[in-house]
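Below you will find one chain, with nothing else, as structure tokens; this is the form predicted alone, and questions on how it binds or moves follow later.
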């Protein structure tokens, strides 16, 4: 028959008291951190201690085993690694779409369409001013209006350019800030790697350190893509933007240039946003440059005097009867008419708005033509929203606006026909002229300037709507996964209160058991063997 210690009951009760106390303390830690971000609910794993009378040669023949109480084997946190992986994968996508959505909203505000003060309204005013000038080319107020609306158009384009530059600079600055933020997180993860290695190397569970590390990885996944590798001893290595930023306790900080290698997260969103800004800029540049230099076929009345050397599309006849075949050069100063007597006009090909304006003559005598209405501030042959300007000479002297396409010789002097508005009429007609645009910037390769701008704003709206939809979908997905994570790791106060009652009752019962055993021992020690005293 097995022989048990007289104090066996005390030892069993003591173990129960210790274990239930640890459970109560852990539960109190859960309650205290119910609102702590990133905290995972912890649980004490209890197990019965090794029973007495284990199988051996000296084993008693008495039936049954006598238990020795309870002990806790570990204090673990409740966490689902699969949900963590899902959360970070979707969170980094949400970070990217969030930045892109904010950028597209900014671009829409910059274009500001439809509105009564956007680029479309300014362009309408510009074309309308040319129609007014066409009706009366001598009218000073009409000439002033043409220059004024042209300056407004240029100012609006430059304002858009400035806004795009500011937005692009903000994106670059944000990349720098986010890289700094990411590097701080990376350094802290490496430090926690060391703390977890040391703590768990002693056989403990570094639950709180692991919570902090997981929270930092969650935050890092908002900024940049993360690929996490964990060793059997719980040490993490992380690769972000193609760089192994954490290797156990070693750190390789990110640089701003690494943002280009990010496949997700806010850094990838900023890179994609920079591309969106550049796309819009190129679309606007293409519109402006095509309007200024795109191929335009124009008809001028018989009697037109060439303001410069130009190429005829049809056979033309000079005053001296010389016929210049189509494709040949018409010398500057030649008064020409169609070689076909049945035609009252001549077809010419010029380069855009400026080419058309260069055909005409202002009000000054002797007539002078071949003057560009728009020029570039940097002398470039390519017009952009940044370098376009109204010819400074025309801004100073509105008589230089070339509305007329004819002049007469009075005596020996050449004098502009001030009431002629052939060129003003042709320029006003550019509003409905179909141009050919670069095919790689918008879905519209041919159309009027208004068509192109509508396509541009429509394309921007579609991309913005698509970005917003993706961001909202991604946010809902992240919220759903996070909710599932909270179901596993979150602290439920109701559940903790239930556990509190359970552990408290167990503790009280163990204490009462110890008291009962103590009273029994008191009887043995102090109440027995006193006969004859």
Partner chain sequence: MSVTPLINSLESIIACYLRLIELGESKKQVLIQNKVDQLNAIVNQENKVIKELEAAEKEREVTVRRYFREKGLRIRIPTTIDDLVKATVSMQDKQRLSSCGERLREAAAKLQETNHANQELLQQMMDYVQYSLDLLVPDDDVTYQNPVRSSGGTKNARMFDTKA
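Residue numbers count along the first chain shown, from 1. Please read these numbers as outputs of a predicted model, since none were measured by experiment.
Omitted here: the form predicted together with its partner chain. The next part is about that form.
Task: Non-hydrogen atom within 4.5 Å of its partner chain in the model of the complex for each of 83, 477 and 481 - done: All three within 4.5 Å in the model of the complex.
Task: Per-stretch contact check against its partner chain in the model of the complex, the hit in 485-493, 498-506, 29-37, 66-74 (non-hydrogen atom, 4.5 angstroms) - done: Within 4.5 Å of the partner lies stretch 485-493.
Open item on the list: My question is simply whether residue 225 lines the interface with its partner chain in the model of the complex - judged by any non-hydrogen atom within 4.5 Å.
Closed with: Residue 225: no contact with its partner chain in the model of the complex.
TODO: Mark residue 422 yes when one of its heavy atoms lies within 4.5 Å of a heavy atom of its partner chain in the model of the complex, and no otherwise.
DONE: Flag for residue 422 set to no.
Open item on the list: When the contact criterion is heavy atoms within 4.5 Å, does residue 50 count as touching its partner chain in the model of the complex?
Closed with: No, residue 50 is distant from the partner.
TODO: Verify the contact flag for residue 218: yes if a non-hydrogen atom of it lies within 4.5 Å of a non-hydrogen atom of its partner chain in the model of the complex, no if not.
DONE: Contact check for residue 218: no, nothing within 4.5 Å of its partner chain in the model of the complex.
TODO: Answer with one of 101, 90, 276, 208: the residue that has a non-hydrogen atom within 4.5 Å of its partner chain in the model of the complex.
DONE: After the contact test, the surviving option is 90.
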